[in-house]
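There is one chain below, alone, in structure tokens, taken in the form predicted alone.
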Amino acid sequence: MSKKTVRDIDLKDKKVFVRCDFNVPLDENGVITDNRRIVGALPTIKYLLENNCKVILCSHLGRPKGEVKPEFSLKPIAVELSKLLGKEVKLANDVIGESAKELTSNMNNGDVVLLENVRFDAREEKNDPELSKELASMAEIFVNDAFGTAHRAHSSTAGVADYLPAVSGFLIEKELKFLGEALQNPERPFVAILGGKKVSDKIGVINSLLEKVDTLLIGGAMAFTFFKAQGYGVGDSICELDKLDLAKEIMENAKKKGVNLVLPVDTKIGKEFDPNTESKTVKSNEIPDGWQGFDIGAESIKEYCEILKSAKTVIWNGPVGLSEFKQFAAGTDTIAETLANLSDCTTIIGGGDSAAAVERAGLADKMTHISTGGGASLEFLEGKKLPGIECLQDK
């Protein structure tokens, strides 16, 4: 997907509308607890400022559902951005109202204005053309740098591109480079690790990856649907009984395509969903009633890591166990450590919970690329067209 970036367009002295992803976590006092998404937007913003642009930033925060809710105000983001940029970022009190119009009309080159939470306007998520037109009227160029919302056809992610020349920022450029190259021209062996709860959530990704990978490692609760499809007992583990035929079909498909689909040989199980529950490790085909599978077992960890050590490209989406509970985090943590120690391998973490696990382990900087979009990276891996990418100009 070769899309134009901010480097491919004349920006000098222009007024630029930038869709960022400032959907950061806040504590109960409205204090930002993780500013990485804000830091991630800095290269694009700084590049625009270096080109003497007037920069209008836009983002959502949380799910205010079209209503003005003070707890979802972007005020903390404006404060943090001002600190990081070393210059004042003015916050409009609204999205397209008097405050936004006044601040964006009276900008000088090098000024930065942040609009209030775009989802305070109910029309945003409906991709309403009137809102898109109003947002576009503030600027001369549209830059999308919010990969996390690129799978949404909203006014600020796609609609604005109907009225302005549209290019990507550096974050989206990086996502397209790493995810795109991995899917189109991977160095082999190419290994994918898929975790998470449900086969149904990942069916599109599984089918897409079976066309491309050499080995597919399955973990997380979705493994139990595959076990059940083979006639194994899964105790009280999460299992999609209506997806057993689908699981059989996937396994058959993998065989036909010569893909090594690997399931855990052993499973760490617990009595109940509790961080301190009684636990033990059993063979994956011997999970007793009254127990639930919460992590891949020690033998599986060893097997998975041996496979990963010979890989040249790895995509990982979804933890292989209940990694938020310490006693069921060994599978996920050991895989993260193994990937961190691979010196000659492209390691791509597909956002969401797997990205959180890598960051929690303090290994984020050892990965080649951590996607900034959970849902967006999943849809990209499926081969779906993302509205926030499709709307950008081709090179």
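The model shown is predicted, which means the values in this text are computed figures rather than measured ones. Numbers for residues come from their place in the sequence shown, where the first is 1. We call the rigid core whatever largest set of C-alpha positions still superposes within 1.5 Å between the two forms.
A second form of this protein, the form predicted in complex with 3-phosphoglyceric acid (3PG), is not displayed here; the remarks below concern that form.
*Asks:* Out of the stretches listed (55 to 63, 333 to 341, 361 to 369, 42 to 50), which one is close to 3-phosphoglyceric acid (3PG) in the model of the complex, meaning heavy atoms within 4.5 Å?
*Replies:* Going through the listed ranges, the match is 55 to 63.
*Asks:* Among 174, 243, 228, 151, which has at least one heavy atom within 4.5 Å of 3-phosphoglyceric acid (3PG) in the model of the complex?
*Replies:* Comparing distances to 3-phosphoglyceric acid (3PG) in the model of the complex, the residue within 4.5 Å is 151.
*Asks:* Within 4.5 Å, heavy atoms only: does residue 383 come near 3-phosphoglyceric acid (3PG) in the model of the complex?
*Replies:* Judged by the heavy-atom cut-off of 4.5 Å, residue 383 is well away from 3-phosphoglyceric acid (3PG) in the model of the complex.
*Asks:* Residue by residue through 103 to 120, which ones have a non-hydrogen atom no more than 4.5 angstroms from 3-phosphoglyceric acid (3PG) in the model of the complex?
*Replies:* If the 4.5 Å heavy-atom criterion is applied to 3-phosphoglyceric acid (3PG) in the model of the complex, 103 to 120 yields only 119.
*Asks:* Superposing on the rigid core, is the Cα displacement of residue 25 between the shown form and the other one 2 Å or more?
*Replies:* Superposed on the core, residue 25 moves its C-alpha 2 Å or more between the shown form and the other one.
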